[in-house]
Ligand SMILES: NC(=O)c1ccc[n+]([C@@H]2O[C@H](COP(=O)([O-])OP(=O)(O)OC[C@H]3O[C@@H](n4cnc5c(N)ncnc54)[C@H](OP(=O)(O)O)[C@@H]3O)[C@@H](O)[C@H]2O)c1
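Below you'll find only one chain, the form predicted alone, shown as C-alpha cells.
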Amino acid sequence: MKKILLIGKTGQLGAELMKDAAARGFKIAGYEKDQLDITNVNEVREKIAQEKPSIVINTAAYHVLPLCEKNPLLAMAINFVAVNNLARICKEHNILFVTYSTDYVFDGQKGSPYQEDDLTSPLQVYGMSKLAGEYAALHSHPGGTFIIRTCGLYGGENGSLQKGGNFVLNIIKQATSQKTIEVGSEQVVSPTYAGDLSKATLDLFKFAAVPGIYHLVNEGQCSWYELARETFALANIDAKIIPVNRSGQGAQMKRPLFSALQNTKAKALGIQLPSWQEGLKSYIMKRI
C-alpha cells in the first residue's frame, strides 16, 4: 500500500485528495499550513523522514494575484524555492513528487487550448513564480516529478481560504444581494472542479504515468460570464448577468485572455475529466 504525504489537506483540492486517496486504498498523512511550513526546509525534511511516504503531493501555493504583485519575494519563496526544496528532498529519498501549476504560465495569445509542450510566457508575478517552480522541480528531480497544470479551480465547502471562497460560491453569494451582476466575458478558461482533478491526479499512479508535465482540467472551455450563467441555471438563481469586456486587465496585472488547457498526455493514457458543465453540476449538487 503506497503512502502519500499531502501538503495542504484542508484546501479546495487537498480536502478532495484526502477523501479520494483513502477511498482508493492509499495511506495518507495530510498537513495544514500551520502544521507544516513548506518554506522551512528543515521542517519539511523532518516530516518526510517521519512519515516515509512513497509520494509527496503539494497543493500549497501563494495564488492571490494582487498579493503576488505586492509581495513577489513571498510568491517566489512559496511557489519556487519551497517547491525546489521539496523536489530535492524527494529525490534524495527516491519519492515521487507531485505539485500543481497553472494556466497563467501562458500569455493567452495562442487562441486555442494550450498543450503541455506549448511555449510558456507568463504575464504577471504569479505566473512567473509558478513557472520557476516548474523548472526547478523538473531540474532537481527529473525522474520523479509530476507537474500538473490546471485552470479555474473551484471546490470545497468554503472554497479557497486565501481567496475568500471561489468563483462559483462568490457569484452565488453575490446574487443574494444583487439582482444584476457584471461578469467578465473576455477571458476564456477551462474551469475545473477539485473533485474531478483529485481523481485524475490519483489516476496518474493507477495508469503508471511517467513523470513530467500534465494538463488536467475539465473538458471544454468557456468565459467567466458563461460559467456564471451556467451556475445560476443549475442553482435555479434568478438574477441578471451582464457580460463585461475588461480586456484581461486587472487592477495591478495582466491576465491571459485565452488560457484554456488541453489534456493531451493524460488522455492518451485513458485519463479524461468530465466536461466543465458536468463538473459544475457535480459541485452544485453537493452544495445545494
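Numbering starts at 1 and runs along the sequence shown. These numbers come from a predicted model, not from an experiment.
Just so it is clear, the following notes concern the form predicted in complex with the named molecule, a form of the same protein that is not shown.
S.K.: With the partner left out here, check for me: in the predicted bound form, does some heavy atom of residue 177 sit within 4.5 Å of the named molecule?
M.R.: No, residue 177 sits far enough from the named molecule in the predicted bound form that none of its heavy atoms falls within 4.5 Å.
S.K.: Using a 4.5 angstroms cut-off on non-hydrogen atoms, would residue 196 count as touching the named molecule in the predicted bound form?
M.R.: No, residue 196 is distant from the partner.
S.K.: Decide whether residue 228 counts as a contact residue for the named molecule in the predicted bound form under a heavy atom distance cut-off of 4.5 Å.
M.R.: No, residue 228 sits far enough from the named molecule in the predicted bound form that none of its heavy atoms falls within 4.5 Å.
S.K.: My question is simply whether residue 48 lines the interface with the named molecule in the predicted bound form - judged by any non-hydrogen atom within 4.5 Å.
M.R.: Close contact is absent here: in the predicted bound form, residue 48 is far from the named molecule, nothing within 4.5 Å, heavy atoms only.
S.K.: Of the options 260, 56, 68, 60, which one has a non-hydrogen atom that comes within 4.5 Å of the named molecule in the predicted bound form?
M.R.: After the contact test, the surviving option is 60.
S.K.: Looking at 241, 36, 28, 222, which has any heavy atom no more than 4.5 Å from the named molecule in the predicted bound form?
M.R.: By the 4.5 Å heavy-atom cutoff, the listed residue in contact is 36.
S.K.: Is it true that 90, 203 and 214, all three, sit within 4.5 Å of the named molecule in the predicted bound form, judged by heavy atoms?
M.R.: So, no: the whole triplet misses the named molecule.
S.K.: Thinking of the named molecule in the predicted bound form, which stretch from 157 to 165, 90 to 98, 138 to 146, 178 to 186 has heavy atoms inside 4.5 Å of it?
M.R.: One stretch meets the cut-off, namely 157 to 165.
S.K.: Can you list, in sequence order, the residues from 75 to 112 that come within 4.5 Å of the named molecule in the predicted bound form, counting heavy atoms only?
M.R.: Read in sequence order, the residues that approach the named molecule (within 4.5 Å, in the predicted bound form) are 78, 100, 101, 102, 103.
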